[in-house]
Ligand SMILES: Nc1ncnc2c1ncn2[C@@H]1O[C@H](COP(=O)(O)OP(=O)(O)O)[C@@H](O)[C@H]1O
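What follows is one chain in structure tokens, specifically the form predicted alone.
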């Protein structure tokens, strides 16, 4: 039986209104802590090999949804499956099939890019010679010079560190790649290099990609479909072309930004989400 790469049904995630995690009862007050929905009744299917982009204003729940898929958070309602494996009951199997890039990646900052990548490769059981060859190929493909790759990460720019995080995710050729604002902090040339590499990874390895982004042009050109998220819900999910066509005839030649503003009434800003 062929499973979709990613499937979610009725997924909800709540946090307490004061921002504490997890949501806990308050028995001494005789009540439950007031809750807010970070993700509310999300359902979708992502076929293998597709790139799905998620656009949403700050605090819309995009990063929370990615963390749920990545097994870093547990859904309060509903279920998520990666190639048929439940992210709660079969978390170990799911982790072997995914890799994740966030806007704030964690590293050993005093080690170089190469040392950090070799450490990651060993964690995934890659043989040393194979890992070194693969690391060299990826760093070159992302435009990271050999001398930069041997400098301590703490001495590199935030944009360069983000490219190293992307290299780490690409290292194992995951079948499901979770990219949470992957090009934040990158210059236009670096963004294009990353976007081209995502396309190449999909073409060569049939990798499926779930991408959150604040870059409308990136979503329009890179994604097969785009979900627009607001207040924890998907308010639209379709191809970029059909989303733009949905505003006609009142908005001839509408952009993806026009669609976003029409559906959410909010500005899209590249800032860290609270949820």
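Numbering follows the first chain given and starts at 1. These numbers were taken from a predicted model, which means no experiment stands behind them.
The same protein has a further form, the form predicted in complex with the named molecule, not shown here; the description that follows concerns it.
Not one of 43, 53 and 78 places a heavy atom within 4.5 Å of the named molecule in the predicted complex. Interface membership of residue 64, defined by any non-hydrogen atom within 4.5 Å of the named molecule in the predicted complex, is confirmed.
Taking non-hydrogen atoms only, residue 60 approaches the named molecule to within 4.5 angstroms in the predicted complex.
The named molecule is not shown here, and in the predicted complex it never comes within 4.5 Å of any heavy atom of residue 69.
The shortest heavy atom separation between residue 36 and the named molecule in the predicted complex is within 4.5 Å.
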